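A lone chain, given as structure tokens: the form predicted on its own.
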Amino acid sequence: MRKIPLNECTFGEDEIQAAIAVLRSGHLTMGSQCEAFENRFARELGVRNALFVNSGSSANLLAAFALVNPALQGHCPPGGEVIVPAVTWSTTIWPIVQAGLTPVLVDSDPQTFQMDLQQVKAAIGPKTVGICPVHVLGNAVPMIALQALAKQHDLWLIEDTCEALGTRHAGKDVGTFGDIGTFSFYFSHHITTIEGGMVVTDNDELAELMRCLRAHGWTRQMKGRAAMEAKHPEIDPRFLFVNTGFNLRATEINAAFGLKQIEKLRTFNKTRIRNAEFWNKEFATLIQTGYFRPMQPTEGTESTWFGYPIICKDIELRKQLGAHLEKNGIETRPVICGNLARQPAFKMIPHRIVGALKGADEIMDCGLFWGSHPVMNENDLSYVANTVKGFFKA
């Protein structure tokens, strides 16, 4: 029996030596390495501003609190509603609540696993201030149509891209369509900085505000710090606080990892795509028979397949297939949090639900995924394929 984990180490001696060099330098907190990684990431995605933080969850937190901050022109009022998909990760939604906004859950398409744009349209009301599309498991929300909808209703657009770094849609990287894009570099994600995340924006005002909020509300990392500090000559500029804030900073070690990993991103993603294409071909008969179907890439999208997600024909088959895979050493997961409206935490959270969320329920009840990572070799791919086909005696 082989062991097929959800993910394996994608870093090697390059990253290890880069981390050791940082330790030997004695400069460990946010500095030149972090700035270099931000600049490199911004070039990779073609955006004006990239801000490195200590996790993808923190990236979402920073984005939400920037949008409600009184220093931002057109900031969101307390109680404003943000439309989110029912199928997402918890820390897409918790920051929205923590920032004093109300999440409005809409259904997800069980074919693509992405938020349903027809339900987004139905959800827009007088209190709506923003839309937060989530690019689930390496696929993409149809962003051209969503961009137009946000513009039509003058709504903020925040893209949670934590599971889809490098996914291309309509000729662009996802995460670059909205006012803000967020990314995660957790161990199992498209690249890793051990822990870490990034916020990107082409809005310079937003970027400057988030630099302030990221670190205590002081001026130290702000691009326009000199002008601001000149207004307060009586206060030591090293400790000038002009807003509220957090400590969401990453370390120089995280950035050193990131600088090595970002160079490998496109190669990593090609392998993820190869894995999915192999399995799609191997499972063609099972798919046609209707036992299960894999995630369908959104039209115009080159999905980067954060895992290999499938929808089984019913809940019983999902349970039995999942148990069979685990018994044979193939690690599986449900499709992130499933329908979040069914999670007990939502009993404590003010929120609104639009529609019956039938697609989200199908994804939760009948969906699972296993790993599709860059370290997989042909023997791993074949073992998974044969194990699945063995279950169906195909």
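Values in this document were obtained by computation on a predicted structure and should not be read as measured data. Throughout, we count residues from 1 along the sequence that is shown.
One more form of this protein should be noted, the form predicted together with a small molecule, which is absent from this view; the next part is about it.
- Site residues G138, D173 and N269 are none of them in contact with the small molecule in the predicted complex, judged by any heavy atom within 4.5 Å.
- Proximity to the small molecule in the predicted complex, taken as heavy atoms within 4.5 Å, picks out 181-189 from the listed stretches 215-223, 181-189, 289-297, 120-128.
- In summary, among the residues Q261, T91, S303, T251, the only one with a non-hydrogen atom within 4.5 Å of the small molecule in the predicted complex is T91.
- Taking a 4.5 Å heavy atom cutoff to the small molecule in the predicted complex, the contact residue among N69, S57, Q33, T332 is S57.
- Proximity of G196 to the small molecule in the predicted complex falls within the 4.5 Å heavy atom cutoff.
- When the small molecule is considered in the predicted complex, D107 lies well away from it, no heavy atom lying within 4.5 Å.
- Though the partner is left out of this view, V134 does reach within 4.5 Å of the small molecule in the predicted complex, counting heavy atoms only.
- Although the partner is absent from this view, V82 stays clear of the small molecule in the predicted complex, with no non-hydrogen atom inside 4.5 angstroms.
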